[in-house]
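This document opens with one chain alone, in structure tokens, the form predicted alone.
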């Protein structure tokens, strides 16, 4: 890889800015000052430093965000706040996008990445990636309701949902685990039983857990989580 591409691909410096830094002797490769941007490097082995600070190569970035209500899972929306605005400027410029969507009034785990291949794989129905949500409904629901939803429900548009799992934690609360993500699916599932979702939070995506990440905050995925996500 060319040295100038190393910086520009990661949105650290533009190629023009790389040229300026090179002329000032502020970029080194393996401890040696470099003056030309077309120098070829091995991005996985060579040590590149900018103004004395080592810059590791990261082709892709993987972020977990705890989305608050009021944010939309989009990269551009003229009316609403977008989930990428929760990130600092240095991450916003990486052009990350949400892997899947949460409704505007749903909170919880959203994955932001620029790895389109892995995002597509995780969202593909054939891979059956589990998404787990904590929910609350307006009225008490019964074991019969839970069993009916778990088996699959034929919605108003004629679509029959895939089987899911419900763990009851109270008369109006519980966890539901899905392997698909149809539009407003959980709301429509309980709506088909005459009930209404009043609170919904995604707590896990595959084996990636929201944990104790505060609302509105973000963290980078661990290496183990990246491995799971990339499959």
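None of the values given here were measured: they were computed from a predicted structure. Numbering follows the first chain given and starts at 1.
In what follows, reference is made to the form predicted in complex with ligand URA, a form of this protein that is not presented.
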Residues 7, 58 and 90 all lining ligand URA in the predicted complex, heavy atom within 4.5 Å: no
The unique member of 103, 139, 150, 77 whose heavy atoms fall within 4.5 Å of ligand URA in the predicted complex: 103
Contact assignment for ligand URA in the predicted complex, among 187, 168, 165, 193, heavy atom within 4.5 Å: 187
Heavy atom contact within 4.5 Å of ligand URA in the predicted complex, the stretch among 156 to 164, 103 to 111, 139 to 147, 122 to 130: 103 to 111
Residue 63: touches ligand URA in the predicted complex, heavy atom cutoff 4.5 angstroms: no
Contact test in the predicted complex: residue 48 vs ligand URA, heavy atoms, 4.5 Å: no
In the predicted complex: members of 199 to 218 within 4.5 Å of ligand URA, any heavy atom: 200
